[in-house]
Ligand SMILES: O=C(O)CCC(=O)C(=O)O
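Below sits a lone chain in structure tokens, taken as the form predicted alone.
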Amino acid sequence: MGSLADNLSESAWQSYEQNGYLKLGKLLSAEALHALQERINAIMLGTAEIDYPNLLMQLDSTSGKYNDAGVQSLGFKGASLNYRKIQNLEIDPLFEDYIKLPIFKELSRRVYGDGTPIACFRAMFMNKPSYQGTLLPWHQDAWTHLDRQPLITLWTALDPATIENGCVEVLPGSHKFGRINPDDPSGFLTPAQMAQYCPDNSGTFLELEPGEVVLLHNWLLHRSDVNRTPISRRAFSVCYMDGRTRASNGAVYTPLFN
């Protein structure tokens, strides 16, 4: 497992601050990667010993259109490898161990400050099944119900992430725009905003090998296409937040790291 010194030099950190993303290399051994792959398949097929009523689960669309994806709600939707999203995976012991790796603590403290409690805002599986997948338009990850914004996501490839199977595309430096739609809980850009902020062919494709991790600023504009290959594009995405954050409904978040 890499250390912060190995993976985030001062020049690398400057690159992250300039571009809004940073590839960290492979942080998973072959054995650890295989274990996560097998676990998420078991969760999708309903054979894992896990509290399914507390998992937010969404089946993928068959049309490729975002609005045609299944409902996002708690509970199992049937045995299928065609789930688009599975959230609240911090309740699974294997995924919980992964999100608590020391390097993720160090990265979070670099962003939020030494001594700041760090919590998990969301830990979710994202999937583009073979020859399927849902088109995700340009957007930022931002929320309207929190008293402060979570700022970083650690995105781990569980399969090869390629242009052909719908890897994430980012607009380097776009996190510096700030929140483009601060009152919109979806974070999606309007057509006029896309024309303004996302000119054609301006994005960078984040192609990754299985086990590779990328650090993303949540305000970095990003999107992803459908999967045109027989290889699924599974990933595990964790958003880390200041543990002192409070939600408008009174919810509080249990720190992972104090």
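Residue indices: 1-based, along the sequence shown. Everything quoted here is computed from the prediction, not taken from an experiment.
One more form of this protein exists, namely the form predicted together with this ligand; it is left out here, but the text below deals with it.
In summary, among the residues L151, I118, M124, L171, the only one with a non-hydrogen atom within 4.5 Å of this ligand in the model of the complex is M124. Contact between S232 and this ligand in the model of the complex is not found at the 4.5 Å heavy atom cutoff.
I180 falls outside the set of residues with a heavy atom inside 4.5 Å of this ligand in the model of the complex. Proximity of H175 to this ligand in the model of the complex falls outside the 4.5 Å heavy atom cutoff. Remark: W155 counts among the residues lining this ligand in the model of the complex, judged by a heavy atom distance of 4.5 Å or less. Partner contacts here mean any heavy atom within 4.5 Å of this ligand in the model of the complex, and among 106 to 114, 125 to 133, 74 to 82, 92 to 100 they occur only in 125 to 133. Shown without its partner, the chain has no residue in segment 86 to 117 with a non-hydrogen atom within 4.5 angstroms of this ligand in the model of the complex.
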